[in-house]
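Take a look at this single chain, the form predicted alone, given in C-alpha cells.
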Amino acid sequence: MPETPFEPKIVAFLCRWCAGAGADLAGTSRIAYPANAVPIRVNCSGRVEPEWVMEAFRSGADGVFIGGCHPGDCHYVSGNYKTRRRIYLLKKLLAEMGIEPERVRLEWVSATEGAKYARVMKEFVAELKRLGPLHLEREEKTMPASPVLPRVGS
C-alpha cells in the first residue's frame, strides 16, 4: 500500500480587518491555494500571544501562520509592530527549543491582496513539506485541552 504524502497542518491567525479579508477575497475570487490551514480570526495580529503559537504546535500543527495589516495600516495603530517584535523573539525561543523558526510565518496581507494570501499559503505549505512533520513530545495526558484553540485534525 503506497504511503500518503505528508500534508502539513497549519493554524492561521488572521487579522479580522486585513489578512482575514484577504483570505476571504482569495476564496471568493476562486484563487486556488492549499486548504491546509485552520483559520482563526483575531481582531488584531497584536493579540496573538506566543502561548497560542506554542499551543498550536502542542495541538498537532506543523506550522503557524500569522497574517496582519501592513505596517502603518493597523486598525489599532501599532498592533502589527507589537506582532513583529513578538515573532522575532518567539523565533529565537523556538530555535533554542530545537523547533525550526521557519515553522512560524508572519506576513502583512491587506484586504485587497487575495492573490498574495494564496501565494504566501502555497509557499508556506511547500516550506513545511520540505521541513517535514513536527515531532514534539506531547503531554496530552497531563495537559488539559486549550480553551482557546480547536484541535488540529489528525
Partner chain sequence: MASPAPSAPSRSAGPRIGVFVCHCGKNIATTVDVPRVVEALASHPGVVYAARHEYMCSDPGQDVIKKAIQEHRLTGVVVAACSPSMHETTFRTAAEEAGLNPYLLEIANIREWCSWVHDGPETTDKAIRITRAMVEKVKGNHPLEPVEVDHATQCLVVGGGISGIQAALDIANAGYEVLLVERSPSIGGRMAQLSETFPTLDCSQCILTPKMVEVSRHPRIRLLTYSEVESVTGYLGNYHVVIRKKPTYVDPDKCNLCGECAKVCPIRVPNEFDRGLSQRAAIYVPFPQAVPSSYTLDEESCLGLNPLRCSECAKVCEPKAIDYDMPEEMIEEDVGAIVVATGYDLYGKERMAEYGHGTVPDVIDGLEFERILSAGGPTKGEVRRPSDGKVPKEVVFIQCSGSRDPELHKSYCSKICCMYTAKHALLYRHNVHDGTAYVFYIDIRAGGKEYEEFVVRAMEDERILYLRGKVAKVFRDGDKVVVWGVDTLTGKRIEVAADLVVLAQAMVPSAGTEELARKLHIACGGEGFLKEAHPKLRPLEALTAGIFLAGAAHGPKDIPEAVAQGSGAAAKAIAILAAPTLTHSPEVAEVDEDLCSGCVVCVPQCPYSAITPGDVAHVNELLCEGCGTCVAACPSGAMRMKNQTDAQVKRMIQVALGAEPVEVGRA
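Positions refer to the first chain, counted from 1. This one's a predicted model, so the numbers in the text were calculated from it and none came from an experiment.
Beyond what is shown, the protein has a form predicted together with the partner chain; the following relates to that form.
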Scan Leu128, Ile66, Ala61, Val120 and let me know which has any heavy atom within 4.5 Å of the partner chain in the model of the complex. Ala61
Test of understanding: in the model of the complex, would Glu107 fall inside 4.5 Å of the partner chain by heavy atoms? no
Ile40: touches the partner chain in the model of the complex, heavy atom cutoff 4.5 angstroms: yes
Taking the partner chain as it sits in the model of the complex, is Glu102 in contact with it (heavy atom to heavy atom, 4.5 Å or less)? no
Is there a non-hydrogen atom of Ile31 within 4.5 angstroms of a non-hydrogen atom of the partner chain in the model of the complex? yes
